[in-house]
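Shown next as structure tokens: one chain only, the form predicted on its own.
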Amino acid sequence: MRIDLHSHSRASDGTDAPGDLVRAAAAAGLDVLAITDHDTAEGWAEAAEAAGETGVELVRGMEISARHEGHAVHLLAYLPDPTYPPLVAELERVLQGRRARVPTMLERLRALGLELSEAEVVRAGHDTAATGRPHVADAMVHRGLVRDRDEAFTRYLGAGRPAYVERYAAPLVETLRLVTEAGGVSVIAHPWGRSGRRRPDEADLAELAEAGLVGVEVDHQDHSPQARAELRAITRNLGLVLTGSSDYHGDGKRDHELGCNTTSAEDYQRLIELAAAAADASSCATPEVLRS
């Protein structure tokens, strides 16, 4: 059984339409796919329709942009009620933070002699609710200002680069609570990724587990073999669910092909059982796993 629990569609910063994402998962030989667009459930309906056509088991989720102790953290929220008002309000704050920084980024690019309009960014994002840096990067590629997203981030848009603009991210502990109240479960995404920091460490993760965290994404392309080994030991020691995922973005991210990392059937089953328990404890209209 091949299970990939982290993927993005055009509803956020991927390049495949949600239905095409599910069809690509089927073509890649996946049995289970989670759609986890940034801060939105916008792609769920189209992905669900394609799942019914292809037989791929679909887990509906989202990747929420959060912050903890001054550092960015991404939280994979699986099977929450997307209409739960406090969660909706927090996601809108995050999305507004994404949208609001685009004009400032464009001003900074113009100061560098790189002309780009907001309309071009909107077109690059296919009118997604989660317009942000990747779509600025895509608009730059379309204009011929850079070769690809990687160059756009490395030279201009990444943290510390001349067109980078900070934005709002949800408080992590509060977000864990909101996901639980919405009947979902939370897994921390690529925690030791690009920054190279070994944080959150075991003590941090134990505290987050007390706040509602149920799992850690260990097997991810941004984790070195050594980081994976250390995180695997910590995750098992704390009794958390251990996941592996592609973090697929279509053409928007290299070396993250669907199924390049996967989650074991045992960990997946435990995650779904924890989600069912969270749903039962809530009063929310949580989505079910879509099985053929």
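Please read these numbers as outputs of a predicted model, since none were measured by experiment. Just count from 1 along the sequence shown to find any residue number.
The discussion below concerns the form predicted together with adenosine monophosphate, not included here.
Peer 1: Since exactly one of Arg232, His223, His68, Lys253 fits, which has a heavy atom within 4.5 Å of adenosine monophosphate in the model of the complex?
Peer 2: Only one listed residue qualifies here, and that residue is Lys253.
Peer 1: Only one of Glu202, Glu115, Asp150, Glu118 comes within 4.5 Å of adenosine monophosphate in the model of the complex by heavy atoms, so just point that one out.
Peer 2: The option sitting close enough to the partner is Asp150.
Peer 1: If we define contact as a non-hydrogen atom of the residue within 4.5 angstroms of the partner, is His74 a contact of adenosine monophosphate in the model of the complex?
Peer 2: Looking in the model of the complex, residue contacts with adenosine monophosphate include His74, since a heavy atom lies within 4.5 Å.
Peer 1: Looking at the partner-bound form in the model of the complex, is Arg60 within 4.5 Å of adenosine monophosphate by any heavy atom?
Peer 2: So Arg60 does not count as contacting adenosine monophosphate.
Peer 1: Using 4.5 Å between non-hydrogen atoms, is Arg228 touching adenosine monophosphate in the model of the complex?
Peer 2: Because no heavy atom of Arg228 falls inside 4.5 Å of adenosine monophosphate in the model of the complex, the answer is no.
Peer 1: Residue-level contact is defined here as any heavy atom of the residue lying within 4.5 Å of adenosine monophosphate in the model of the complex; does Arg177 satisfy this criterion?
Peer 2: Arg177: no contact with adenosine monophosphate in the model of the complex.
Peer 1: Counting any heavy atom within 4.5 Å as contact, can you tell me which stretch out of 180-188, 80-88, 210-218, 97-105 lines adenosine monophosphate in the model of the complex?
Peer 2: One stretch meets the cut-off, namely 97-105.
Peer 1: For a quick check, can you give me the residues of 36-73 that have a heavy atom within 4.5 Å of adenosine monophosphate in the model of the complex?
Peer 2: Contacting residue: only His38.
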